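Alright, two takes on the same chain below, each alone as structure tokens: structure 1 and structure 2.
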Structure 1
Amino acid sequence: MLQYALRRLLIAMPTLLLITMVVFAIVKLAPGNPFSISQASSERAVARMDRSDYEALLARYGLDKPWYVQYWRWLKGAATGSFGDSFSERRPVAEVFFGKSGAAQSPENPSLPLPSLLIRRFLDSKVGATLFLNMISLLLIAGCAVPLGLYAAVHKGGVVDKVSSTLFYGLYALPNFWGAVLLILLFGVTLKSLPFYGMHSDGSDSMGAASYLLDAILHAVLPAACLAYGSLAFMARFSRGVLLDVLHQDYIRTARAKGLPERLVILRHGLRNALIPFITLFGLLLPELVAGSVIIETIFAWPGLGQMYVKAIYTRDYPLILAESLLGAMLVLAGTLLADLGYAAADPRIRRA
């Protein structure tokens, strides 16, 4: 198993390098640069930048060099964990990712207990905010998709199967940004039962660890639901179809002929084999959710990587764009690797092949 994992990891490394080259080329092909907006004549510009100042800024950040020189410098820095300084945030990219989400937040209280400090530091960072939102979405998908698909497959043609099929098709076809607006109008404006802006309530700085975490969970309910419902509908339908196919196999009929209880036949013999293709799709869910966070975090003003990515694109903040694109590529490759390992663990024939 270890050799199989090492082989898959070695294959992923040149793939990651190729992805960084493509992303860097796309970023450089986009018109303009972080300083061309200020340098160009515009009625909305507060002050026009002199040509000499503009060229000095390009030279300071190495943007006057050929693209391959810029790429090589960025690649060397990325290999050592240094992604440069953000143009818009005016601080290192690593500090933007793992530091506080905004300058308006109050400083940490050193008198707080260690668990409370750790929770706050995790949630107050851009990476922590996005991972927290996506972990809740993954829990919703994993906790609902397989049981719903299993129940629909076992009770094929029943009322639950027909209703859930119609509902899942509707949810899968519903765009998440439109679903976000509907959820905000229903639960945030009409019922006023759930918060829909930001990550924390006013006065959350004085909350304890449990209250602080609960407040973040309540704020994450609506955006996490928007991220999860499309994937949940697809995974539930997929697991139902795979399980139906498995339940018609010869070994299932043999297990029933031996007199095994139906629950044991389904859970031990049917579900385990049905989960093999399910593992592959589930391994790719995290990068898919992170990509979907770009829109959802912007709608709900969630202070995570998605909202920061949109801002970085508008401001041509190359270091932030490249660093977050690299993070997304690593998540895709990590999800694929985990899916391959789960596949190999469930079916030893894959390891031997």
Structure 2
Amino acid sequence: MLQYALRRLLIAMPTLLLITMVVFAIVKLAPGNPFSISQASSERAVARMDRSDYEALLARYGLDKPWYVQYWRWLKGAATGSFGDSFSERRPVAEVFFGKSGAAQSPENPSLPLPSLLIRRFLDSKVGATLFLNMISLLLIAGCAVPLGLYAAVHKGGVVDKVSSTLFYGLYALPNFWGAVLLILLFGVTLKSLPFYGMHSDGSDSMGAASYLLDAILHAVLPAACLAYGSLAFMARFSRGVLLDVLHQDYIRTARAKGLPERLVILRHGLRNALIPFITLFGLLLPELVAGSVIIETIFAWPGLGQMYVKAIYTRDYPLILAESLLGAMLVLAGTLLADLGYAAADPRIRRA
């Protein structure tokens, strides 16, 4: 098992390297540099600069070297963990990811109690915000898909099964940006029951730890629902299928013949065996969440990594773009790796392949 895992990890390395090369190539092929794309005022300032000053500016950021030198420099830094400084925020990329959000400039109140401080630190960072959102949607998916799939499989052919089948198919086909728009129109505008912009309401600075967290959770409901509904529909249908397969096995028949109550048969014997493929598929959810985060965070103005990615692209912030693409690709690779490992753990035949 360990051998298989190591082998898969080893194969993943050159792919990761290739990914960094592809992203670097795309980013470098793009016209413009951070100074030509910047805001109107500084654009005029750049236009008025002397040629020599402009070249000095480029040299300061290492943008005058040939592309392979730039790539090598970036690679060296990445291997040691330093991804350079973000051009638009002028601080190290790691700080942009994990440190306080640039917008949340209110100085940290040192008199806050520890739990409040920790929660605020976590949610203020971009990585924290995205993690928070994705965790909530993963919880939604895991919590809802299995019971729904279970119910549909046990009551196969019933009203619930037929209705939910069509409903899930429709949900799965619903484009996520339209789903977001519809949810906002329904819950945000018509019913006005849920907030749909940003992560905090006004006056959140003075809230205690619990209400701060609750406020963030409330803001996360709509975006997390949008992230989750597609995968939820898929997982519910998948778990229904898996459960149907499992329930036809011989050991289920034996359990029933033994005289076990139906509930125990389904929950203890059926569900447990169905969970293995289900968990492995969870690994494949990671790519969906990475891609979905970009659009959903932009629509809901959620201050996370996805929204930062879009901004970095517009401002040609190369270090940020590269670091974030690397992160995204790593997450996708991790997801497929986890799924593969899960299959190997469940099915010993795969390990010897």
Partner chain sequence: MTKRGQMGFWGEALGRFKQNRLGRYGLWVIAATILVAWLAPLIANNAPLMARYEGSLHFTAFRQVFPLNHFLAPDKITLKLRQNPDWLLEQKALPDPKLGWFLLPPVPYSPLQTRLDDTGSPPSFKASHYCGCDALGRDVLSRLIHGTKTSLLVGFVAVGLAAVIGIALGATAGFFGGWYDLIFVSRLIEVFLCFPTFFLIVTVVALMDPKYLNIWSIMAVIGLTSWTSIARYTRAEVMRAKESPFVAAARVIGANSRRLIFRHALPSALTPVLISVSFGLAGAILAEAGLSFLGIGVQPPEPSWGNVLRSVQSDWSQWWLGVFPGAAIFFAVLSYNLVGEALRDALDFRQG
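Between two forms, the rigid core is the largest collection of C-alphas that superpose within 1.5 Å. Along the sequence of structure 1, residues get numbers from 1 upward. Note that the structure is predicted; figures quoted are calculated from it, not measured.
*Asks:* Quick one, which of these two is the form predicted in complex with its partner chain?
*Replies:* Answer 2, the form predicted in complex with its partner chain.
*Asks:* My question is whether residue 57 is one of the residues whose C-alpha shifts by 2 Å or more between structures 1 and 2, given a fit on the rigid core.
*Replies:* True for residue 57: a C-alpha shift of 2 Å or more.
*Asks:* Cα of residue 73 displaced 2 Å or more between structures 1 and 2, core superposed?
*Replies:* Yes, shifts by 2 Å or more.
*Asks:* Rigid core fitted, is the C-alpha displacement of residue 287 between structures 1 and 2 2 Å or more?
*Replies:* For residue 287, whose C-alpha is compared between structures 1 and 2 after core superposition, the shift is 2 Å or more.
*Asks:* Residue 17: how big is its Cα shift between structures 1 and 2, in Å, with the core superposed?
*Replies:* Displacement of the alpha carbon, after core fit: 4.0 Å.
*Asks:* Enter the rigid core superposed C-alpha shift of residue 337 between structures 1 and 2, rounded to one decimal in Å.
*Replies:* Here the C-alpha difference is 5.0 Å.
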